[in-house]
Ligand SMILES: NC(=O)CCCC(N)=O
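Below you'll find only one chain, the form predicted on its own, shown as structure tokens.
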Amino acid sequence: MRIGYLQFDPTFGEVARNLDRVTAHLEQVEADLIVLPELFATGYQFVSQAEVMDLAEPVPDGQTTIRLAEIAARRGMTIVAGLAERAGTRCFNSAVVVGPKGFLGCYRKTHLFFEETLFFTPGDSGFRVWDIGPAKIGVMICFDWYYPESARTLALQGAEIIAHPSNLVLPNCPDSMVTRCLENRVFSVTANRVGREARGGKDPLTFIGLSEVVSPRGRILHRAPREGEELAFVDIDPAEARSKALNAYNDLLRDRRPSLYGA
């Protein structure tokens, strides 16, 4: 498989412009799986609930999901992308999964970070895995990485690759994803953004870049710089994520003892 990410700096509120930028990149790509950042079409630093409602879209019928599905069909790829989802009176920080045959599903972020808690409803989708042919992929969004249960739940459901749309501002995630991959024997693709947002008199947010692809052995196969746009891909064998055996005596998932772990 050929898997990768697009790291870039979205313009806040300019959904059509951000979609056009992404489309221009993806129309040149030959790949099986590409991951886009969290909230890639809208930007991140909202200042009011009304603003979120205005920019959020229904799934799968909103313009962002439709555009991504068209690209996926033309290019024969699977795309995982973070967006603001509107469902009735609620908004979710979500990620859609689209493939060559159309919309596959949607994941709603479980663990909201910082001011996301003011504007979004905590996700109710649960962690989900999709079989895209060459591999099974699971999705988590940004701050979900802080909870090891996120990646472990996906691994227990058979995920071989974790797609991880992100808007990272804390410094710890890129190195920590090495551990998440090691402890679950999975690949991960973290697609972060770059740039800076300072809206509504709030403290500025500076996004750290460092998007990356990590192997089941905890090797960083490719990592982006802290600044600047990057479209990057790595060739992998998803079969590397199917054996959880560490040696003749230890298997990561078989040897779990959930009855002793507590809630």
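From 1 onward, residues are counted along the sequence shown. Because the structure is predicted, anything quoted here is derived from the model rather than measured.
Keep in mind that the form predicted in complex with this ligand is not shown, yet the notes after this line are about it.
Chemist: So which of Ser188, Asn167, Ser94, Asn184 reaches within 4.5 angstroms of this ligand in the predicted bound form, heavy atom to heavy atom?
Modeler: After the contact test, the surviving option is Asn167.
Chemist: Which pick from Cys142, Val98, Ala84, Ala159 sits with a heavy atom within 4.5 Å of this ligand in the predicted bound form?
Modeler: After the contact test, the surviving option is Cys142.
Chemist: I'd like to check something about Glu38: if you look in the predicted bound form, is any of its heavy atoms closer than or equal to 4.5 Å to a heavy atom of this ligand?
Modeler: Glu38: yes, in contact with this ligand in the predicted bound form.
Chemist: Does this ligand get within 4.5 angstroms of any non-hydrogen atom of Phe113 in the predicted bound form?
Modeler: Output for Phe113 is yes: heavy atoms within 4.5 Å of this ligand.
Chemist: With heavy atoms only and a cut-off of 4.5 Å, decide whether Tyr44 touches this ligand in the predicted bound form.
Modeler: Heavy-atom contact with this ligand at 4.5 Å: present for Tyr44.
Chemist: Please pick out the stretch from 69 to 77, 175 to 183, 143 to 151, 99 to 107 that is in contact with this ligand in the predicted bound form, where contact means heavy atoms within 4.5 Å.
Modeler: That would be 143 to 151.
Chemist: Heavy atoms within 4.5 Å of this ligand in the predicted bound form is the criterion; list the residues of 194 to 221 that meet it.
Modeler: Read in sequence order, no residue approaches this ligand (within 4.5 Å, in the predicted bound form).
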